[in-house]
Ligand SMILES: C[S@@+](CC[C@H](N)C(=O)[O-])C[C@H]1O[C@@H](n2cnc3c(N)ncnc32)[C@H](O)[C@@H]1O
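The chain below stands alone and is given in structure tokens; this is the form predicted alone.
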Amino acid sequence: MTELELIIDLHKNSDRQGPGSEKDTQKALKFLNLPTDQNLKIADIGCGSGGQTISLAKNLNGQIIAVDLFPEFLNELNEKSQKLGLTDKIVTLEKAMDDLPFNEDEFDLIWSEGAIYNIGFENGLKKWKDYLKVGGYLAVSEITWITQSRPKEIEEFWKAEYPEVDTTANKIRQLENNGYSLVGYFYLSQDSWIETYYKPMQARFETFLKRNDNSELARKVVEDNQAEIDLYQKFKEYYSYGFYVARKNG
């Protein structure tokens, strides 16, 4: 298996492939003011195995197109939605998030938890805005500095990993400069990283290594993820995911 295939294998059979929680999804939903008397058109871009997609389907009236590049995650989401009787509300689409077959003004809501960084925050804001109706909502979580200053070690790490990492104020400014108005913001708690993402991942390390014959590449995947966990534990006061909910201006 390639390293990418091993990473997918590690993250399969998990509710989420990044920091976040049911509580966070519900909190972000409260910022929306959507009509309840009509079927909404919703896109969940970079949905993974769809923990948040299921929440959207349970709480909103309409159809969700759940988009991800990896069929392994979409298959899991399809199984979940079938078990929960939500197949009439969730349709999966295997596509890259920068190559979407959507029409202009198609959606009432575009959702993306912990995924927009794959094409860059501002690039995503620009590309996805065309798909939103005027007055439609964009809800995204994005890696964000939560202090004005931080140790050099973590600053240099994130600048190398994701040069668009920035403060909340600058992220909001980017939203406003690209035709959105912020309606709500919060950042994820430490539990959303540790309890609902990192600890479940660590619990899968042993079976993952056994399943992959304890190969050198599989061990590297575990070591890389453990290093990420250690880094978060050391510097968790300085960064998190910010959850931004904004409305497309007319």
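Sequential numbering from 1, following the sequence displayed. Everything quoted here is computed from the prediction, not taken from an experiment.
One more form of this protein should be noted, the form predicted in complex with this ligand, which is absent from this view; the next part is about it.
For the chain shown alone, residue 70 is a contact residue for this ligand in the predicted bound form, at least one non-hydrogen atom being within 4.5 angstroms. Within 4.5 Å of any heavy atom of this ligand in the predicted bound form lies no heavy atom of residue 158. In the predicted bound form, this ligand lies within 4.5 Å of some heavy atom of residue 95. Residue contact with this ligand in the predicted bound form: residue 114 places a heavy atom within 4.5 Å of it. The stretch that touches this ligand in the predicted bound form, counting heavy atoms within 4.5 Å, is 117-125, out of 174-182, 132-140, 150-158, 117-125. Interface residue among 28, 47, 56, 43 relative to this ligand in the predicted bound form, by the heavy atom within 4.5 Å criterion: 47.
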